[in-house]
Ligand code: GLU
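Quick setup: one chain, the form predicted alone, written in structure tokens, and binding and motion questions come after.
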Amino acid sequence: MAISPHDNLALMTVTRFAPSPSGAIHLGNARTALFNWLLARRDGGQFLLRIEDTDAERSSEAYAQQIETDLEWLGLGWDGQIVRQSARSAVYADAFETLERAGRVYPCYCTPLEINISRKSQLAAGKPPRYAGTCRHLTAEQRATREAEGREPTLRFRVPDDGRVEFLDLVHGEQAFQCADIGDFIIRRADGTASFFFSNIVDDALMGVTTVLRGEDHLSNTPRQLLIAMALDLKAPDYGHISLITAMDGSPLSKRAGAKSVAELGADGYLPIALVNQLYRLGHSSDLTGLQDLPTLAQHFNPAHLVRSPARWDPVQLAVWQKDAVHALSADEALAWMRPQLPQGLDESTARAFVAAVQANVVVPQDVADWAAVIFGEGMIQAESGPPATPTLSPDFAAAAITALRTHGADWSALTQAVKAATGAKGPALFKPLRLALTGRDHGPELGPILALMGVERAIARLEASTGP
């Protein structure tokens, strides 16, 4: 006997993102949401959001709200109303009753300790750990005895003794699992709530989901869910199990490896389109180059291009995408992004001039703050690394520059021509000392706009502080 899911090829594409609100959205979650969103938008279908909060102890309303915030920040809007599994207990109860009437389930009174001992025994015997079927054939009297002991039963699905479950995975190809290796599994917890295996497939089917892209750690769950769908005569979605994201050295992704949640990256000033572009290329091959918007990414997304090898997260590459994203901002967008780092009370025209001057030289908000300090700060400028900049100008060079500033104001061209005429310096010998004296850096934005923003008095003070013996 071979058990396969229904064919969904003729249906409108409906995908979903179904997180558990037990923590912040991490990079793997975000990529899963992105891939499902891209597939739905490519096909003109629907992208649904479902909050899987049947486990009350681990679920948090704050995390549920953060999920919505993070998706909106990423630009991944969903269709229709958000579905919360905690409000669907009646739906699951009906499904449980259907399976009970069909004899496809049974109450299990085994304690976690008993199950753990059984699994250790199986492993010691060289057998794969699976439920041993201890409660599968209990009589009504034996069940009553266990209930009299105060045991609250779970509900287990009765897996067929023989046959196999077959399905075509969109990433891993043909899959086949022997029923004898699966073991009866819990579909209702002792507290009466539905397990992940159960509520996930029931809701996918009833919500009309046609395609599920999810992490490959769920691959072993799929045969169980297909068995449930067949027992309830539900249409199962097509599944594609995508490779996991790892650190650059192949180890599990973690904060120690430089990974942050979506909310943390947003708080750090990263732009959503930068993160989206990197996630798009993690485990998905594409001929697209350069920063692309979401509609373009959707147009070129193809599940056939999802790869099986682990996807390595590179924080350095994220900085590259961030740089491209910042440089692509309009003047208004760049001002909105930079404004929190600008001095309070800065007038609009000066703020816009600042944006125009530094946009090509900043990547993250700290860069903006650094240049704001360079341009609007007082006193000696801290070098980018090491101790404060040491004096770099000869007295004659500094005097020539100060005289030019007092004569020509913040006219950069007139300043440099006057210093050149007075000292004979030209090229790097002219520009590098001025840049170091004015900004404490040997590279950066064009100095003309910087000088105009800095003002004559502040520039003179910098020159005087940088004069050598």
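From 1 onward, residues are counted along the sequence shown. Being a predicted model, the structure only gives us computed values, none of them experimental.
The same protein has a further form, the form predicted in complex with the ligand, not shown here; the description that follows concerns it.
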In contact with the ligand in the predicted complex (heavy atoms, 4.5 Å), from 98-106, 196-204, 260-268, 277-285, is stretch 196-204
Would you classify L451 as touching the ligand in the predicted complex, given a 4.5 Å non-hydrogen atom cut-off? no
| said: in the predicted complex, does S20 come within 4.5 Å of the ligand, counting heavy atoms only? | reply: yes
Q) Heavy atom to heavy atom, is H218 within 4.5 Å of the ligand in the predicted complex? A) yes
| query | Any of the heavy atoms of D70 lying within 4.5 Å of the ligand in the predicted complex? | reply | no
In this chain shown alone, the residue from R156, R214, K323, R164 with a heavy atom within 4.5 Å of the ligand in the predicted complex is R214
Applying a 4.5 angstroms cut-off on non-hydrogen atoms, the residues of 48-70 near the ligand in the predicted complex are E52
